[in-house]
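Only one chain is given next, in structure tokens, and it is the form predicted alone.
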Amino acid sequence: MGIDAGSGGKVEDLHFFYEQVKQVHGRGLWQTEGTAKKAATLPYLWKFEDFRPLLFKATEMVPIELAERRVLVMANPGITSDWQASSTMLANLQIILPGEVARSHRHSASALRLVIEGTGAYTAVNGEKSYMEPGDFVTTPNWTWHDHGNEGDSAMIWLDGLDVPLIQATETNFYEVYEAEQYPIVTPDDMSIRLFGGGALKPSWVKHNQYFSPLLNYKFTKTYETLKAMSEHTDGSPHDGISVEYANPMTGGPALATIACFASLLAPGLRTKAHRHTGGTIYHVIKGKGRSIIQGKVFHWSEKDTFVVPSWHWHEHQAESESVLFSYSDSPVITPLGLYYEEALKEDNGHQKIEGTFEALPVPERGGGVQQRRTHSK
């Protein structure tokens, strides 16, 4: 948007006026592009086979006492102002070795763990340990004390999903380290599973007046069993296959106050129809192999890969083998604000025209740093 000095005075006078406004930290709205702003998040895919050796390299290079959390961030190439997967969410990979403890802290951001490989490690939340296995979805709600430990005999790796960019945008991001390495254990291990893991059955004597779920660990074995049982009688959603939301058993709402989490079962050969909706979504492949078509571009994924679908981007999925996709989004935040919209593709029988295949991009400069190059294994 622009404006000339045709009826409002000389060009020199207009420029002088703009400078006066600038000196008081102001700007004419007509000098901007209005309220429209192009989204920075790019559709992108991170291959686990690229990250796994780097995670183990990190265990050799960086002691956990120094890092506190030994984490590699998956950084979207479109967002050069910070390291994040989408405009509102992080997607990170964390590794912990046998005998290690990632010390206790708490923060305003909500966080989730999706276990990728390994057994014998736990997440402890407010004094309750929950032992984790591959495919498990574990919650660490905002402002709860939490630490991680590995009591097994092999490394454990999981996906960390956090709403840090969203919390930072509201300037409500607080962080505190606990005085000791671990918060005291005050509840029997996996007590929340015994109390709240019964599906529609919940303890009548327990009161839980929080925005988040009281269930810490949604076990993959039960999730997969439920998905398979559903698939015997229904085709599910035309856009997501057999899809379930990880819900708060007390309210039926999302498991975390600001993050909605889902698991979707895709039958071999199934191709879903395309749709788009507001709110960016991050996907992780728990099992299987296939491809997703995002804005006409093909993204080939395999087990343990992670990819992002930005807000209002057409997307559809096609499974080569039986696949389970875990996904999370910021929909619990935008829906109450009246900002959630969804649209199904009506043309071409609900499928996009394929216009290309995803290729990894060069690493952009961030915050004035030195640009680096990386290779991408096909």
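Values in this document were obtained by computation on a predicted structure and should not be read as measured data. Residues carry their position along the shown sequence, with the first being 1.
The same protein also has a form predicted in complex with a small molecule, omitted here; what follows describes it.
Asker: Kindly indicate whether K273, H313 and K346 are, all three, within 4.5 angstroms of the small molecule in the predicted bound form, using heavy atoms.
Answerer: No, none of the three is in contact.
Asker: From the candidate stretches 114-122, 92-100, 218-226, 262-270, select the single one in contact with the small molecule in the predicted bound form, where contact means a heavy atom within 4.5 Å.
Answerer: Stretch 92-100 is the one.
Asker: Please check if D160 has a heavy atom lying within 4.5 Å of any heavy atom of the small molecule in the predicted bound form.
Answerer: It does: once the small molecule is placed as it appears in the predicted bound form, D160 has a heavy atom within 4.5 Å of it.
Asker: Under a 4.5 Å heavy atom criterion, is H146 part of the interface with the small molecule in the predicted bound form?
Answerer: H146: yes, in contact with the small molecule in the predicted bound form.
Asker: Examine H351 and determine whether its closest non-hydrogen atom to the small molecule in the predicted bound form is within 4.5 angstroms.
Answerer: H351 lies outside the contact set for the small molecule.
Asker: Just to confirm, H107 within 4.5 Å of the small molecule in the predicted bound form by heavy atoms?
Answerer: Flag for H107 set to yes.
Asker: Between I193, V298, V71, M250, only one gets a heavy atom within 4.5 angstroms of the small molecule in the predicted bound form; which residue is that?
Answerer: By the 4.5 Å criterion, the partner-contacting residue is V71.
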